[in-house]
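A lone chain, given as structure tokens: the form predicted on its own.
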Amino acid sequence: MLDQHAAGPRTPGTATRGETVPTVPPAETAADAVDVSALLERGRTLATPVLRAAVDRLAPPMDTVSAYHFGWIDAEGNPADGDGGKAVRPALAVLSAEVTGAAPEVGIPGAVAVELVHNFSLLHDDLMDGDEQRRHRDTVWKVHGPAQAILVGDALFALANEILLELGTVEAGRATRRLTTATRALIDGQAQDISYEHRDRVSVEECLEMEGNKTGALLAASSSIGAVLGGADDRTADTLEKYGYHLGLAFQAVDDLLGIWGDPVSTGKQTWSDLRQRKKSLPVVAALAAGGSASERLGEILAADAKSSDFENFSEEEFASRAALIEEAGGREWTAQEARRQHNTAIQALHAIDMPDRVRDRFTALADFVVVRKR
């Protein structure tokens, strides 16, 4: 049976595709007054000019392919104002610089570096997963071909390290070491994710380990890298990484919910996208571990799906029936609870170090944003 205690007290989850999932229990905190959209925009505004300059260093056609991926141009090369993503990582990087009393600008190289690594992973993941849409546009491999998706991803990873090491400081070396460690964990997580697609069963613990690598590691680096550039000691950086790691697990839990029940208009992906890819995401593994008739039926159907040669032609109703079984078995509610638990763990980590109250409030507000979103 699934350990419900690990997910915290049971509270109702949402039940309709496209609604905000999950919701954090309301709490009156100073973070309620933080304008999260302004915080995200600050990170984007500070990082984008440096990010564009970094991309301009790439040889043609990698520079234009990268520009397309970031939404700066369309498939024909015309200027565009595409969706550049949520910009949570750059926001965390520049915010973390303020933990040390430094100006947010100190965190800009770190913000750019984590954004480059993040997009390196997106380019490769889209190709490996066969995703044809990201941010409401065709993915790079779909428009420019698999070879360009691989090359541009590799180039962005190299640029990330270059941006940091160019600073030539001891702090930059420390930041680079943390980022490369996080990148290796991210790659480990993607490898685990792919391998799990070919297994009948994956434990909840294995899934959390994979998601900690794939998502938690880079958010951990994002939450500490600005502080490291600002001269923070290892204890402070490690504690900020703990916040980011658990925030990443909360972030991925919400992504897993949206990957099954998210509204395509908001997510920019197909309906039931994770089910189409046979992903062993948290709602699926939690439902399979729960026991009971719905869980057993789901296991039988997924085992049959793995042997099916006609899986790609399944109807909407067939995917919907699988999603309904996951929900009936408790996988949806457990995952929502897990997002809340990881969110709370992230917030608690902030209390272990000294920082200005306004900075702590902003970290808290960003954590709240991560678990209450539609895309």
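Treat the numbers as computed from the prediction; the structure is a model and nothing was measured. We number the residues from 1 along the sequence you see.
The next section is about a form of this same protein that is not shown, the form predicted together with a further copy of the same chain.
The contact with a further copy of the same chain in the model of the complex, taken as any heavy atom within 4.5 Å, belongs to 155 out of 210, 298, 155, 88. Of the residues given (292, 77, 101, 173), 173 alone sits with a heavy atom within 4.5 Å of a further copy of the same chain in the model of the complex. Heavy atoms within 4.5 Å of a further copy of the same chain in the model of the complex are found in one stretch of 35 to 43, 303 to 311, 52 to 60, 344 to 352, which is 52 to 60. Put simply, residue 128 is close to a further copy of the same chain in the model of the complex: some heavy atom of it is within 4.5 Å. Proximity of residue 134 to a further copy of the same chain in the model of the complex falls outside the 4.5 Å heavy atom cutoff. Contact between residue 242 and a further copy of the same chain in the model of the complex is not found at the 4.5 Å heavy atom cutoff.
Heavy atoms of residue 251 never reach within 4.5 Å of a further copy of the same chain in the model of the complex, leaving it off the interface.
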